[in-house]
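Only one chain is given next, in structure tokens, and it is the form predicted on its own.
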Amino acid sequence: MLALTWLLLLAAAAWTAPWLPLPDPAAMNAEARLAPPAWSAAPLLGTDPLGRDLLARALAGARVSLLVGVLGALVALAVGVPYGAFAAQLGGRGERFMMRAADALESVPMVVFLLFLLALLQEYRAEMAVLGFGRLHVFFLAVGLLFWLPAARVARAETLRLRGQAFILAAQAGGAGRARVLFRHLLPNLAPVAGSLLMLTLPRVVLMEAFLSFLGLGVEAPAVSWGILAADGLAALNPLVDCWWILLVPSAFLVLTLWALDVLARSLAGKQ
């Protein structure tokens, strides 16, 4: 309940941040540079070296980080679950070929794959902008595609278990083809597994987004994410200036969110 409460409060605060009495996350105030947390008055969590309010920026980062997590996890499930289910239903050489192809894809380093997609975006930036796709959209897709392989394996194992159940055998005896069995009977019965996979994939995607953004390979400014805030905070740390909050605030948001997602995922998996 504590983990769920944190996630609900964070999601609500991030969604309603534009209407909350908070400064603009991008507004700079030279007179308020590196103001420490006030805890009871503005700025509640302090400001960064440019005088921007850290609470406003952390909530703006939550919008991006949580959106990347949800959309990336959904992309991973949308690709992985049907792939694994179809491979298990196909059986024989087809199944072995599909799963060996998945193993080959998993051997490609994730950062190399992401850099490849971002290089394509850079090359065809103008054409993709006409279609309404930007770097952030490609990043959503790329992060999701990094995590579809575990979902495919779990979906394959569950489909192998379901394939011998009476309702599947009855559908096949009634003349249902592979496509009908897959979409009418197998995929709907994989929904509980997909729910568990979603909760297990979410923290991994959020952490990967923060890591890549921290390295400068993910979200680009002026967009804000927890990874960018942590990178900015680390770059601004100075042994001569006491400004610990600029790194602690985004790190605390990230750690608490990953902890809450992990707790919910374990709880959901334990009830399955």
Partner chain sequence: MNAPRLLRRLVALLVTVLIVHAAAFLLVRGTRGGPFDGERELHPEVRAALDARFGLDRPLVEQYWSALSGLLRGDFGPSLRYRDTPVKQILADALPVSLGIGGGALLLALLLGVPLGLWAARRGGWAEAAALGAGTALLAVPGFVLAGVLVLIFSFRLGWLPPAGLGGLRHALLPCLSLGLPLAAQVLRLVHASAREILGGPAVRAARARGLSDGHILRRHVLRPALVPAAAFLGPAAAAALTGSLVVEQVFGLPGLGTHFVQAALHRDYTLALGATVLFTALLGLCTLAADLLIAKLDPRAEGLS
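Positions refer to the first chain, counted from 1. The term rigid core refers to the most C-alpha atoms you can superpose between the two forms while keeping them within 1.5 Å. Every value quoted in this text rests on a predicted model; they were computed, and no experiment measured them.
As for the form predicted together with its partner chain, it is not shown, yet the points below apply to it.
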> Which of these stretches, 153 to 161, 110 to 118, 183 to 191, 81 to 89, has heavy atoms within 4.5 Å of its partner chain in the predicted complex?
Replying inline: 110 to 118
> Using a 4.5 Å cut on heavy atoms, which of 230, 219, 45, 59 is close to its partner chain in the predicted complex?
Replying inline: 230
> Does residue 247 reach its partner chain in the predicted complex if we count a contact as any heavy atom within 4.5 Å?
Replying inline: yes
> in the predicted complex, does residue 124 have a heavy atom within 4.5 Å of its partner chain?
Replying inline: yes
>> Given that its partner chain is not shown alongside this chain, does residue 11 nevertheless sit within 4.5 Å of it in the predicted complex, heavy atom to heavy atom?
In response: no
> Even though its partner chain is not shown here, does residue 255 get within 4.5 Å of it in the predicted complex, heavy atoms only?
Replying inline: yes
>> Please state whether residue 191 has a C-alpha shift of 2 Å or more between the shown form and the other one, with the rigid core used for the fit.
In response: no
> Honestly, after the rigid core fit, is residue 111 moving at least 2 Å at Cα between the shown form and the other one?
Replying inline: yes
> By the 2 angstroms cut-off, has the C-alpha of residue 101 moved between the shown form and the other one once the rigid core is superposed?
Replying inline: yes
